[in-house]
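In structure tokens, one chain follows: the form predicted alone.
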């Protein structure tokens, strides 16, 4: 890549900020991710600006604007223009890192290259201005062209300074489809234990993007020892042979294959990652030498709940994922009544997610009976679509009759009312009753309003 040919067209507000600083006698550039993404022609969410102006000078320069000064002591003044926030940060050098995350102090410098060399990876250590063009002292542009993630300077030093950079390297590699430079890769594997010093919230933010990349299996497999640091439950899956003709891969390889197949939805991806998490502890071989995993899905629900709770995922997210894990085996029974029972537990909208987990699971298995499995998959999908399109009665709230209606028939025992409602729902699901109010009332009258029934219920 010829640095001299790089032209980046940035928004008018960014141009205004850079020109205003320049007119006040300062140098200013766009820097970091926005430069990288501009070169890669990716969507840009934030335009960061770096300058040799000190924070007080930046504040004075934009004194007539709404400013956010919470980061001023670290060199950052945020300017709000037309509702958009633009961060302006003074060239700086980081002091000694004491906690593998934050520098003990920040020092300002007049040299742009000093600022760039403290950054994590070469692809993020570039700056640009229309006046001076691309400033790329560490060949980040070349690494973009070659598809490489490489640390600025010595990798071990970069990761020791800030261990979260380990996860960032894996995330950039996964999201961009870049390989990781050998020295950088070696340092990641050597220093992954430093992640124990990083908050799980920060780790999870990076992990989610890795899981939702186009082909997460590559990073998860090559750097599995890194992921074991915060999800040790994955380790037993590696190399665990299944001894079953439905599977031509060990549990780990099957999981990775399914993960690459399933749609890019975080709940679905996470459910697939953990859908067989308890296969190793439930495994046994029968007298014919065939492997079985009794109740692995049910036990997996509890395990995935423990993992995601430890990693501080939201409760709603945990609930959905654990349900997808619990019921992923239950779809073998394709009867409409079974599918309705599952929908009652997880909600009809989540049935689409469960079906997608099921599809990826099937396609990651051996080709034994695959056509038959996929035929049944499409049958299940059609049934679920019909249930949604017809607004079928799945839960008590979908019924045309409610508890008050039953009380109006003279039945006042609360326990009995609950039993009647559940009976009516079962009759509708089994298609022995239509979900019509008059029909339901007649059923209640015929079965529950004669004197002997009421006397007994009281």
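On a predicted model such as this, the values are computed, not experimentally measured, just so you know. Positions refer to the first chain, counted from 1.
From this point on, the text means the form predicted in complex with a small molecule, which you will not see here.
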Quiz item: Can you pick the stretch from 179-187, 114-122, 133-141, 295-303 whose heavy atoms fall within 4.5 Å of the small molecule in the model of the complex?
Solution: 114-122
Quiz item: Would the small molecule be touched by all three of 224, 228 and 253 in the model of the complex, meaning a heavy atom each within 4.5 Å?
Solution: no
Exercise. Check each of 56, 46, 430, 412 and return the one that places a heavy atom within 4.5 angstroms of the small molecule in the model of the complex.
Key: 46
Self-check item: Candidate from 267, 323, 162, 361 lying within 4.5 Å of the small molecule in the model of the complex - any heavy atom
Solution: 162
Quiz item: Heavy atoms within 4.5 Å of the small molecule in the model of the complex: does residue 172 have any?
Solution: yes
Quiz item: So in the model of the complex, does any heavy atom of residue 168 sit within 4.5 Å of the small molecule?
Solution: yes
Quiz prompt | Contact of residue 33 with the small molecule in the model of the complex (heavy atom, 4.5 Å) | solution = yes
